[in-house]
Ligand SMILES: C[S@@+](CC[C@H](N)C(=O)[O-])C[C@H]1O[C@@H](n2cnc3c(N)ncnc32)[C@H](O)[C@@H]1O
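Quick heads-up: it's one chain on its own, the form predicted on its own, in structure tokens.
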């Protein structure tokens, strides 16, 4: 057993600090990514990571699974390649990598959001903006997973995103998209929150009701087959609930 101690030079610290200031912006004590013309509004900091981890395990409990597509055979096969688009805190990726340790998983996001040193062996993070094209060759992945990116893409960009997701998918591979829907039988507080969020998204060119068009986007892409939709009711609060859609 040994111990190695070293001191980071002040020059290096200064360079790292400058890079962080360029990569992120700070508003009211919260950290956000600083990508030009991005429509994504949520923070990128430890508090948001905690929320995303909690959200992941709640969704896993609700669905009683980490995926709806019939991909058990793919995940169990050595050297399978999985892409988690908009991986955020990488909760889903890490969970899959732990359950299926022989699978190679790539988590893609617009800016760092997950641990870079403490991570599963077969997980790789790639920094990229889907709207500028996925940095992968055609037919690279056996399974492409994307969840809750309704606020990440402008309305007119969804067909382009679908084309990119399918482009990197191997023939016979599976694409799964998960999005939330509007609230049913919601109380006043939930309604106010929902319509405020919808208004902010609309101002940024985002369609808050994208879930209604996912099946159409998939069909219009032209290369997907056996498109299926799965719906779950998620109750929260006293009366309100929403619907999460999963497309394959």
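What you are looking at is a predicted structure, and each value in this text was computed from that prediction instead of being measured. Numbering follows the first chain given and starts at 1.
One more form of this protein, predicted in complex with this ligand, exists but is not displayed; see below.
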| said: Taking 4.5 angstroms as the heavy atom distance cut-off, pick the stretch from 95 to 103, 72 to 80, 144 to 152, 164 to 172 that is near this ligand in the predicted complex. | reply: 144 to 152
| query | So which of 208, 63, 40, 217 gets a non-hydrogen atom within 4.5 Å of this ligand in the predicted complex? | reply | 40
| task | Check whether residue 120 has any heavy atom within 4.5 Å of a heavy atom of this ligand in the predicted complex, and answer yes or no. | result | no
| is_contact(residue 87, this ligand) in the predicted complex, heavy atom dist at most 4.5 Å | yes
| request: Give a yes/no on whether residue 177 approaches this ligand to within 4.5 Å in the predicted complex, heavy atoms considered. | output: no
| query | Do residue 52 and this ligand come within 4.5 Å of each other in the predicted complex, heavy atoms counted? | reply | yes
| request: Quick one: name the residues from 121 to 148 with any non-hydrogen atom within 4.5 angstroms of this ligand in the predicted complex. | output: 128, 129, 130, 131, 147, 148
